[in-house]
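Listed next as structure tokens is one chain, alone, in the form predicted on its own.
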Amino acid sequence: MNFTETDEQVALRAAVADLGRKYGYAYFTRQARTGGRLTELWQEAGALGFIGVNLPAEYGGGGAGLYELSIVLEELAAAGCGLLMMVVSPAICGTILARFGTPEQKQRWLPKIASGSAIMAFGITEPDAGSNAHKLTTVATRDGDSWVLTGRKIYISGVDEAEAVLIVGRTADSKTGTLRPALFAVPTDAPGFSFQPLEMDVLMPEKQHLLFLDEVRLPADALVGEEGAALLQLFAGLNPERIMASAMAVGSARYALAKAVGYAKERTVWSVPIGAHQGLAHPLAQVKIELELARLMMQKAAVLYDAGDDMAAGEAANMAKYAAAEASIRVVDQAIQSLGGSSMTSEVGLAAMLANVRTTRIAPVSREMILNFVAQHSLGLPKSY
């Protein structure tokens, strides 16, 4: 593993940082507070080739990898304007379609996802099953040449912005009747598909939704990949999700740390900058170290994924998500402490950011489930559930 980025990666990072500074945290919070979306930023990022940088070039993407896509999201988040739907549309849905979709599915969806002209959301979580693919109650049944999909989903991001949702359902094995996971591309204008927004206390432009699938009839080609291999396909999308969630957490923490360091250099009390005092300098140095360690694990996970090592990437992606969540919470909390009362103003916005980064300890997978994964798969301990 080379810890020196290529000239192309360095140039990409600089170009995205320039775009992020053009919009910034003021734009992000203004849109969030007024019920707006990040449409202008999303469209410009798409036009510049940033949204689909990881997708195949033959379908309009950049032909690069998840490492490059994580650069895009990290730098936008470091500018205060991270795009949550990058975790979903190009990373989860785009990856699954690129790896497992039919030629027709790739041609239909990937160019639009890569350009940002269409967004595909992702629906796995259910009110009673959480994200446990073995307990999902959304079921697809065959009816001639069609599928009929029925069920509910909750906490689904960006459905109001999406042209389609990649739904994780279950189908019955024709021989045994056992229900197995399956993935379906469901247009949001399909009859029987409806959704409603959930009232959330976090300050984010992207909305969360409850989905209702009431006998949604889909053509046979709505099934993505192979029906029997859906669990493998699902995890091929969830590893990128964890890596990209890490990138957003790392970027947000970088934004907060920069605010705190800038303030500590300028704020003078008793004739010296407050950053000269070890009581403030040491906690900031400590969270800087923790943030860089999390960032390294995120980069390792992305490199492993791009190399095609799904098993090693899965372990690293879970560890990266855990480390990035914990580091980002500590960084933002310490930034708040460093700025004191100023951190609570809307102009600085760190109080709202603390709620946002706190969600990374819960979503897209909880800290406890990651610890379960590491205990079982990395340490070989008995399964606890």
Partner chain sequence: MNIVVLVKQVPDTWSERRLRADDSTLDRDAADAVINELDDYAIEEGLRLQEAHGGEVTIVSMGPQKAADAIRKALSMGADKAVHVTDEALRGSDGLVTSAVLASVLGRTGFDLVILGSESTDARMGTLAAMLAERLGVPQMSFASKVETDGSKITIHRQADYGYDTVEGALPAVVSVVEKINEPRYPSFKGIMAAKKKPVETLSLADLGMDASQAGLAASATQVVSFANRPPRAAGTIVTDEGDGGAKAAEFLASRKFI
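Note that this is a predicted model, so its numbers are computed, not measured. Numbering follows the first chain given and starts at 1.
Below: the form predicted in complex with the partner chain, not depicted.
When the partner chain is considered in the model of the complex, only one residue from Y322, F50, Y67, F28 comes within 4.5 Å through any heavy atom, namely F50. When contacts are judged by a 4.5 Å heavy atom cut-off, K22 counts as touching the partner chain in the model of the complex. With a 4.5 Å cutoff on heavy atoms, G62 counts as touching the partner chain in the model of the complex.
E368 falls outside the set of residues with a heavy atom inside 4.5 Å of the partner chain in the model of the complex. Interface membership of E40, defined by any non-hydrogen atom within 4.5 Å of the partner chain in the model of the complex, is ruled out.
Of the stretches 41-49, 337-345, 28-36, 355-363, only 41-49 has residues with a heavy atom within 4.5 Å of the partner chain in the model of the complex.
If you take 7-22 and check each residue for a heavy atom within 4.5 Å of the partner chain in the model of the complex, you get D7, E8, A11, L12, A15, D18, L19, K22, in sequence order.
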